[in-house]
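Only one chain comes next, encoded as C-alpha cells, the form predicted alone.
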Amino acid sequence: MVKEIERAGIPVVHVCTVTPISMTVGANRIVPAIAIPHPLGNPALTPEEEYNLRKKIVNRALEALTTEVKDQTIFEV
C-alpha cells in the first residue's frame, strides 16, 4: 500500500519495528520503531521519558516526510 500511495504523489513514512520488511515492501522513507508490542513507546520508561521518546520518533517521521529521497532511506532516530 505504501508504494501505491507514493505512486499517487503523496509522500509516506513507514514507521516500523522490522525495517527489512519495510525494505522488502518498497517503502521509500523508513523510521525504525521501538518494539513490536510497543512501536512508539517503552512501558519500562517513566511517563516523561516515554513522552520524549514518542516525540522524538514522530518528529523524525515528520522530518522524513519532508525529505526528498531517490532510493529507500532509513531515518535513524
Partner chain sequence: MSYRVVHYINQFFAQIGGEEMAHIAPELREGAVGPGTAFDAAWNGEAKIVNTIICGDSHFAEHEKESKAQILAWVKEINPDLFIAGPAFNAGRYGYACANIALAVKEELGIPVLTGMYEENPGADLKDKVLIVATTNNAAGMRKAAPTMAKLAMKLMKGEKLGASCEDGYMNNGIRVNFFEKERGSRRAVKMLLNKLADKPFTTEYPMPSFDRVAPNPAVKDLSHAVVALCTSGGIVPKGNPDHIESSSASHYGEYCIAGVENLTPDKYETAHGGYDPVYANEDPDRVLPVDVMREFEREGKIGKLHDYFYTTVGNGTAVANAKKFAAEYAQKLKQAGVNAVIMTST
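All figures in this text were calculated on a predicted structure; none of them were measured in a lab. Residue numbers count along the first chain shown, from 1.
What comes next is about the form predicted in complex with its partner chain, which does not appear here.
For the chain shown alone, Asp71 is a contact residue for its partner chain in the predicted bound form, at least one non-hydrogen atom being within 4.5 angstroms.
When its partner chain is considered in the predicted bound form, Ile5 lines it closely, a heavy atom lying within 4.5 Å. Contact annotation for 45 to 67: residues with any non-hydrogen atom within 4.5 angstroms of its partner chain in the predicted bound form are Glu50, Tyr51, Arg54, Lys55, Val58, Asn59, Ala61, Leu62, Leu65, Thr66, Thr67, listed in sequence order.
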